[in-house]
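Heads up, the chain below is alone and in the form predicted alone; it's given as structure tokens.
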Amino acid sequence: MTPGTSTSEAKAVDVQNSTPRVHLGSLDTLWFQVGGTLCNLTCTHCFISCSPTNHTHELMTLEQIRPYLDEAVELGVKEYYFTGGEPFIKREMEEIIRETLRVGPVTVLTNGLLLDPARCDRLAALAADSEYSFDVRISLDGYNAETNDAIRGEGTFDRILAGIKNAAAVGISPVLTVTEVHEDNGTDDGRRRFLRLLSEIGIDHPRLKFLPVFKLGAEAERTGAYEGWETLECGAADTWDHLQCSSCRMVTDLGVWVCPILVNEPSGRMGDHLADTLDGFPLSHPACWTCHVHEVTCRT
């Protein structure tokens, strides 16, 4: 340790390259890239460039997921998230939800297009049969067709609203996830517009989650990649416990990654098993800057 450097400062620094380093305090949240990078949409801001033809990460099977659930229970994981790609293109997704609800709360992130009335009925039954909570997060990027469809594709606004209504009709109160892909989305006026939209379609208790965009994948092609100055430096903080990577890991068909954001970055892969990923992680990627500056958490 350098003279004059505190223990907490030393813990926050990668001694080899002086990059801030986050330590895993506890593994509270486990994510599954169950939909891989396959999706029924090709959104222009997708940081992992999901599409109907992107096979960077494949769909995960229940047999692949079960060993991680067993390991997660042993490690004290408190909640589980399923994302993609689009999780509901996976035929056994409902069985995956059922099995996971036996060990903890579940949230599924979806674009909402596959939430037809029959599926929502089945999801409500799964939730009713579990002692743990079940949430659905539905993505929308504009408060009207013009702003949303420019990002998510023509006709998606009306189809997403239909999915929201179907979920609400069976007692599933969806969380609407909105990225700040439009400058006014996250403003007070923007938030009021989304709340008004949800109220107009009959959502009595609307829930909103706003996220910044990450300059990766399709978004980097749309607006440009990270600048050189968008990086974390030592001395900015003594601890990085506010970052999601201090309490989560992400599982894909290719192993375990530090977080949901860096699944396409080779440096983000930490091992084959959860036990391989309990050490610290250097915050060297520009996306770590976004998480820190915007105090991002992917959790609901």
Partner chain sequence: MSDASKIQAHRGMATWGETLVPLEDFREAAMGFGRRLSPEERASSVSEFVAADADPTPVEGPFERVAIFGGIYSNTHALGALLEDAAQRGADAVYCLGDFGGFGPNPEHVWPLLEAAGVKSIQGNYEAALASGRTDCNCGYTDPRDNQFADLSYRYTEQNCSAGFKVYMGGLPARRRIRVGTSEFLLVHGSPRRVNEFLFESTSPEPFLEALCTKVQVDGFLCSHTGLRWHRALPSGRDVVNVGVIGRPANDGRTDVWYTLLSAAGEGVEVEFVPLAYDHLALADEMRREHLPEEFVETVLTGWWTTCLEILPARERAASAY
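Computed from a predicted model, the values in this text were never measured in an experiment. Numbering follows the first chain given and starts at 1.
A second form of this protein, the form predicted in complex with its partner chain, is not displayed here; the remarks below concern that form.
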Check your understanding: Quick one: is R98 in contact with its partner chain in the predicted bound form, heavy atoms, 4.5 Å cut-off?
Key -> no
Check your understanding: Looking at the partner-bound form in the predicted bound form, is R91 within 4.5 Å of its partner chain by any heavy atom?
Key -> no
Practice item. May I ask you to state whether A225 is within 4.5 Å of its partner chain in the predicted bound form, using heavy atom distances? Key: yes
Check your understanding: With the cut-off set at 4.5 Å between non-hydrogen atoms, does L27 touch its partner chain in the predicted bound form?
Key -> yes
Practice item. Given that the partner is absent here, state which listed stretch (158 to 166, 137 to 145, 111 to 119, 73 to 81) has heavy atoms within 4.5 Å of its partner chain in the predicted bound form. Key: 73 to 81
Check your understanding: Within 4.5 Å of its partner chain in the predicted bound form: all of Q244, P260 and V293, by heavy atom?
Key -> no
Exercise for review: Using heavy atoms only and a 4.5 Å cut-off, determine which of T231, Q64, N264, N40 is in contact with its partner chain in the predicted bound form.
Suggested key: N264
Point to revise | Contact set, 166 to 201 vs its partner chain in the predicted bound form - heavy atom within 4.5 angstroms | key: D188, R191, R192, L195
